[in-house]
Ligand SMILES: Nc1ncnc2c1ncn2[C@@H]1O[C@H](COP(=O)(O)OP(=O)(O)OP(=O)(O)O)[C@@H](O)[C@H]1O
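Next comes just one chain, in structure tokens: the form predicted alone.
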């Protein structure tokens, strides 16, 4: 049984998550070996705003994952999100090169590279590209033209471009924390590898990953990614609304959201049950707040976010063609009754997605907030992993730690 060891880092607005896992090449099952979870610092809405704080938080996350897994982390897969990402579609064509006019992998590569050759500003670069469909001599909707006969091959690709400086800040933060980057992909695409099935992608589905600072959307149809975007709204905005309306400290607002919050506000007939005692700005003093008002605040923000998501679905042109519905992931997607509220607005199936196919320390990461990290693991395993002889790598890591311990003991 062949395994690959893969490491992923999810650099989010509220948390830094490093996961070490082995992936079975035959079953695609993920065995979680280690998890390093630390509060995020220096990141706002997916953008690095203080590189020193971000480096420190990532390094701490890596160290915890190494300690739990016994694996020395040298290279990782990373997901990008934030307002610096924008998407577009590109179409390009090439002549089939072979004398017998049989389309080969080389022809597909040339067509894809031609689609990549779009004009973008100097300060931006392509961070993601996936072919959506192919056209051979005018015949459209071809998924894999390999081996087909033709003279002209066209490809339509979905492309995501990033602000070069902001993307580089993310990359350098990871590198300076002690790990090289194997590859970077976009967050919504990464999360889809954890919570979507092949049938979901084939039939038509929307992946909505609601994080602390952003909401990442990916629309799949016919097995491919057809549309993606990043909305600058996340779970932190729900908390900020509570802070502003109810005049509470941020930590208190977050506590109220997590323990008493609901996306659907319903009147409470019992006045005593409606009142919650919470910590105020004045040390040692409690403040009485209304559960009904709390949920009215959350409902208003949830309804606004759902409308933004609906606008993006309409913009994609796939409204009414998504029988697999909407799959929610990310920590903020767990706000009670958010899925119910969205179902009422969109009229199609809505469910909360959790990472699938997990073993090992699966109880630590089988929740929606870890969809990006687990998705990166599975996606990374399909891009080579981090080495074939994992047990040897882990053994060497423990040997190094043992020698370090002995040196420190006798120094």
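None of these values were measured; they are calculated from a predicted model. Positions refer to the first chain, counted from 1.
FYI, the form predicted in complex with this ligand isn't displayed, but the following is about it.
Asks: At the 4.5 Å heavy atom threshold, is residue 212 in contact with this ligand in the model of the complex?
Replies: Flag for residue 212 set to yes.
Asks: According to a 4.5 angstroms non-hydrogen atom cut-off, is residue 336 in contact with this ligand in the model of the complex?
Replies: Heavy-atom contact with this ligand at 4.5 Å: present for residue 336.
Asks: Report yes if any heavy atom of residue 206 sits within 4.5 Å of a heavy atom of this ligand in the model of the complex; otherwise report no.
Replies: Judged by the heavy-atom cut-off of 4.5 Å, residue 206 is well away from this ligand in the model of the complex.
Asks: Residue-level question: is residue 258 within 4.5 Å of this ligand in the model of the complex, judged on heavy atoms?
Replies: Residue 258: contacts this ligand in the model of the complex.
Asks: Go through 178, 131, 236, 325 and name the one with a heavy atom inside 4.5 Å of this ligand in the model of the complex.
Replies: Comparing distances to this ligand in the model of the complex, the residue within 4.5 Å is 236.
Asks: Under a 4.5 angstroms heavy atom criterion, identify the one residue in 254, 241, 312, 279 near this ligand in the model of the complex.
Replies: The option sitting close enough to the partner is 254.
Asks: Counting only heavy atoms and a 4.5 Å cutoff, which of 163 to 171, 213 to 221, 100 to 108, 114 to 122 contacts this ligand in the model of the complex?
Replies: Among the candidates, contact is made by 213 to 221.
Asks: Looking in the model of the complex, is this ligand within 4.5 angstroms of a heavy atom from every one of 18, 66 and 365?
Replies: No, the whole trio is out of contact, none within 4.5 Å by any heavy atom.
Asks: Using a 4.5 Å heavy atom cutoff, which residues in 160 to 195 contact this ligand in the model of the complex? It's fine if the answer is none.
Replies: If the 4.5 Å heavy-atom criterion is applied to this ligand in the model of the complex, 160 to 195 yields only 187.
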